[in-house]
Structures are given as C-alpha cells and as structure tokens.
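One chain comes next, on its own, written as structure tokens: the form predicted alone.
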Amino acid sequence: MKLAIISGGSKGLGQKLCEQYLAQGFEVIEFSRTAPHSYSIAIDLALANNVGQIVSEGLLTLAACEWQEIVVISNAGMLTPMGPASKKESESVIANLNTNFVSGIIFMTEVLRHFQLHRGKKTLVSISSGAALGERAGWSLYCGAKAGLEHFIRSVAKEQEVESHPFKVINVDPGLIDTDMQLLIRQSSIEDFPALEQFKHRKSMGLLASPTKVAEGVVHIINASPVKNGERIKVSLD
C-alpha cells in the first residue's frame, strides 16, 4: 500500500498532484479549506492553533497501517495581502504567515511525528518558489515565509540523518504555473506589486506551465533516486 498526504490540494498544482498519485494507486488524503474531494479534510491554515489537532486526527488511522511508500507534499500557500509592509494590518499579516509558514511547519511536523518510525520509502516535500531566493517588492510576507520554509527543510534533513527510518526531505521549486495565484497577481496594482507588467507579459507570451505538467515534474523529482536529502530542486519541463 502507498500513501500520499497533500496540503492545498483543492485546486491548481495541489489538485493535479492528488490526481497523479490517485492514478498511480496511492491512497490520498488532502487538507484544504474548501475540502472539495472525497478524500479531503477541511482545515483553515490561517487559524494555526487548530491545525495540529486536525492534521493529527486525520492521520491517526493511517499511521496505524503499514505503508510501502509515503509521500508528503506541503503545497498550501497564499499571496495576499500584497503591497508594502507599511500598509499591512496585523490581522492580515498573521493570517498570511500562519498559512504560508506556521501551519506549513505544523503540518509537516505532525506527519513526521506520526510516521517517523514507519519503514519503507518516505519523502517529505515542501513546495517552494523563486520568491524564496530573491526579493520582490509587494511580496515581503510571501518571500519571507518561503525562505524560512526552505531553511526549515534543510534543518529537518539534517535531523533525519540520525533517524533509524529517515524521510528524504527536499524543497521543490515548481517554477511559473498558470494558476489562480498568477491570475491574482495580474489583477493587482502597480502600487502593490511594481513587477506587475512583467507577470502580465509572461502570461501573454505563454511562459506559464500547466499545473498538470508541473505536477508530473514534481512526481518525477520525488521518484528520482539521485535526489539528496535537503536538496533544493527546480522542476524541469524539458
């Protein structure tokens, strides 16, 4: 038996990842706010205080089973609020950082806690972004959270080196994807996001990859044996 645990799988890349693993015969469990699938569990990652309990309850029965392979993908994220840090209200800052950073870490630590002693192949993936490596005016929260998650993953990879049944832990940069997040970017203002025209140009030039193709690339990376623990890998569509 094989198991895939995915956050943010209600639409876009996350949904296509769920479909990929279902097609490969995995049992799939998906955590998202809208929870649209039969295999979904409803969770609001902006409310970080509840995340650990909800994830733990969703994993209890699964953790009692033996799995040949376990794939965990932390994919959920949000851009809003965009704009200068000086204009952000504390409530929206907390909601953003809970969704992009705090709840992502809680999700991954709960999975590690429940499945650490399981034998077999285990992979934990954090879906990252180019925003983790380069600054973007208007995206201070998103850039900061993605950079923090990458360092979290590298540190967890070090911890896994001494475990008797380690996870392979990696950061994956999916590149530019034609999703609702890109649409949200194009609907923003120059004042909130100075690079707006650059992103509109990318869409008009057909430079955004389909979620299906990117999901296939992520799965390929997860299956690739040479991938090293703690590595950062960008999806290649060549």
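Residue numbers run from 1 along the displayed sequence. What you see is a predicted model; the values in this text were computed from it and never measured.
There is another form of this protein, the form predicted together with a small molecule, and it is not shown here; the text below is about that form.
The contact with the small molecule in the predicted bound form, taken as any heavy atom within 4.5 Å, belongs to 177 out of 196, 177, 29, 62.
When you look in the predicted bound form, the only residue of 145, 106, 82, 76 with a non-hydrogen atom within 4.5 Å of the small molecule is 76. Interface residue remark: residue 192 is not counted as part of the site for the small molecule in the predicted bound form, having no heavy atom within 4.5 Å.
Taking the partner from elsewhere, residue 13 is found to have a heavy atom lying within 4.5 Å of the small molecule in the predicted bound form.
In the predicted bound form, the small molecule lies within 4.5 Å of some heavy atom of residue 182. When contacts are judged by a 4.5 Å heavy atom cut-off, residue 69 does not count as touching the small molecule in the predicted bound form.
Judged against the small molecule in the predicted bound form with a 4.5 angstroms heavy atom cut-off, the residues 20, 170 and 217 are out of contact without exception. Contact with the small molecule in the predicted bound form, defined as any heavy atom within 4.5 Å, is confined among 106 to 114, 160 to 168, 121 to 129, 83 to 91 to 121 to 129.
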